[in-house]
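Given next, in structure tokens, is a single chain: the form predicted alone.
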Amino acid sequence: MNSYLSTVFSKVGSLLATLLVISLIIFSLVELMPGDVAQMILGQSATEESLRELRQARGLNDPFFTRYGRWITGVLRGDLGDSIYMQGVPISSILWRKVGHSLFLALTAFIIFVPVSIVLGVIAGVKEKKAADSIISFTGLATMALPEFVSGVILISIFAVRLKWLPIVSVIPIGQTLFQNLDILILPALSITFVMFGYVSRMQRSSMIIVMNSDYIKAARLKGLPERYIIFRHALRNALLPTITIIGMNMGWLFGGLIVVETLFGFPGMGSLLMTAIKTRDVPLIEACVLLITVIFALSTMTTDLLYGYLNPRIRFKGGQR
């Protein structure tokens, strides 16, 4: 246990160092974007004198590392700066509500695709080369080939336009909350689920086939143990390990996919906010959104790595090393 705790602290330290480097890269790339921040704030009709005064007041003429230090210090304090497009509105007052919406959408998709993918992957692995395996494998391959915007358009055409069961756009009416309009989550969540289902189910199938053909499973069968007991008691835990890794690795990709899905459906989340920031060249808002997505991705990757090591004692870290 002490060895595992040292691994946790080591991973957290590495995560913080990685995030610091990534924050510098994000700041550098956004700084390279064309355009004058002062001009974007004051508009095209601003005079040179007013532009000069604003640059001086906001420290836009300061050296690069001075501006980066001021920004990252503010981030650590929880001050993400002010939005340019929204004329000085604090980014933190905008971002956290949008992040909450995106996290709830991601959680909804996660709750759908993880159990379904694992169960069908197990069935395909156990029924290798049979009809069930062929159907599940083909479905997984087909959903992997569909980008989110394509599956989203198909879902809109069927369930919103033809059947009229669900709304076409995922807009929250003024004065209401997301929890009062849960039906707007269904189509965006299914769009994400389609792609994720293919990756997870196929990995679970492959892992299950390998485990079911291993020596210890053959020994369990020779002992006369029931097949259901062998699958759920002996095979499933080991077969889940590679799947857990794939799920964790794809969590960051899931949040990247949210940008496409939220833009397509008009869902009021972090992805659509980032697209608005890019189109309006709202530099502080772009930096905040990209940094937050990076933090979520890094945390999910670290959590997956630690969970994998905890579930599989053979590859647990010792003294900070594998």
Partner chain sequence: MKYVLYQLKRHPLAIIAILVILGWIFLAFAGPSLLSYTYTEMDSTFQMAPPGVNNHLLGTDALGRDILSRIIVGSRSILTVALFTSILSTILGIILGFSAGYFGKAFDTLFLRSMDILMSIPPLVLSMVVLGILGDSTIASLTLIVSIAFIPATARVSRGVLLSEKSQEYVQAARIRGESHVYIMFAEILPNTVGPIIVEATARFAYSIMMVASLGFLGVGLQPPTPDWGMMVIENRPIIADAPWTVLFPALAIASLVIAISIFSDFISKVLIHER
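Residue numbers count along the first chain shown, from 1. These figures come from a predicted structure and were not determined experimentally.
What comes next is about the form predicted in complex with the partner chain, which does not appear here.
Residues within 4.5 angstroms of the partner chain in the predicted bound form, judged by any non-hydrogen atom, belong to 137-145 and to none of the other stretches in 177-185, 137-145, 77-85, 119-127.
No residue in the set I247, M302 and L306 has a non-hydrogen atom no more than 4.5 Å from the partner chain in the predicted bound form.
V89 falls outside the set of residues with a heavy atom inside 4.5 Å of the partner chain in the predicted bound form. Residue contact check for R52: none of its heavy atoms lie within 4.5 Å of the partner chain in the predicted bound form.
In the predicted bound form, L163 stays away from the partner chain, with no heavy atom inside 4.5 Å.
In the predicted bound form, S93 stays away from the partner chain, with no heavy atom inside 4.5 Å. For the options F110, F159, F104, Y199, the one in contact with the partner chain in the predicted bound form, meaning a heavy atom within 4.5 Å, is Y199. Scanning 158-178 for heavy atoms within 4.5 Å of the partner chain in the predicted bound form gives V161, I168, V169 in sequence order.
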